[in-house]
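Below sits a lone chain in structure tokens, taken as the form predicted on its own.
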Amino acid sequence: MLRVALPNKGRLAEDVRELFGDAGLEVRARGERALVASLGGEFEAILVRAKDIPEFVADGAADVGVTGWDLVCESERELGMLLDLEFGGCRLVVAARDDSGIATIDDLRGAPRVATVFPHLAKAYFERIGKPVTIVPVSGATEIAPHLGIADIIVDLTSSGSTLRVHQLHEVATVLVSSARLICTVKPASAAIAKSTAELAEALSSVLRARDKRYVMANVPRESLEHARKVMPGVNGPTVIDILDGGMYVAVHAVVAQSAIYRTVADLKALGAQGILVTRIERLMP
């Protein structure tokens, strides 16, 4: 059975459970503190800290896992990246105090002290750009370090930048762009595990494809069919079906981007369409 390492708490864990549930792989645990769970009766989940997931997968304790790309890169373990799950987006940035006089990375002088929870990524970044620094590993509360004299600058995660602004810090450079990823071992334990891994990736991918799409159905006058094709292009063109005793109407079905639904419905009404129906899509396979 495929063993999947999932984050055990936090917003990332909530988003992961929702995604797997939409794919028909509901996380079923015996309690809030359970370390293992069933994934829809198909796979086994182990529930651990997001930070530990790269190690679990790399060491073979799990076949696949879901965690942040920042944590994968910081681990420096050899892992495969199967899928960007498109949530948990954030950036690992260099930040300095507002009164530091540091506006860009080129303003750094000497060998500034850098406080960070990501010492490997920070070290690699400054080596890559040729800037000597002294890395100061911390376990949390990175934003306070420059104000306490512990460090001159920090390397930390941000999404909107609001936390940095609250602590009178500003971004200087971006080290890494991160999001939740589905990762796997480089060498699957067996052909069966490799097959299950590919099936899992495709199932999750089909849910992600469907999330910003809607399925539109309408009865359109035959004489307006060519115009309807432009209004509802679909994935590979709309599906057109004769209606039993429909006479002047045909049924047109297509997948439409959620952002285009308002205009699509308005345009269909202008063509004389009737019985317009818009519904959500749970999964979309190419």
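For every residue, the number given is its place in the sequence shown, counted from 1. Only a predicted model underlies this, so the values are computations on that prediction, with no experimental measurement involved.
What follows is about the form predicted together with a small molecule, which we do not show.
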I'd like to know whether Thr197 contacts the small molecule in the model of the complex, with contact meaning heavy atoms within 4.5 angstroms. no
Taking any heavy atom pair closer than or equal to 4.5 Å as contact, tell me whether Leu271 reaches the small molecule in the model of the complex. no
Contact label in the model of the complex: Gln168 to the small molecule, heavy atom within 4.5 Å: no
Answer with yes or no whether Thr185 is in contact with the small molecule in the model of the complex, where contact means some heavy atom within 4.5 Å. no
Option touching the small molecule, based on a heavy atom within 4.5 Å in the model of the complex, out of Ser75, Ser100, Thr158, Ser205: Thr158
Proximity to the small molecule in the model of the complex, single hit among Ala218, Ala50, Val231, Val57 (heavy atom within 4.5 Å): Ala50
Testing 235 to 243, 220 to 228, 253 to 261, 66 to 74 against the small molecule in the model of the complex with a 4.5 Å heavy atom criterion leaves exactly one stretch, namely 66 to 74
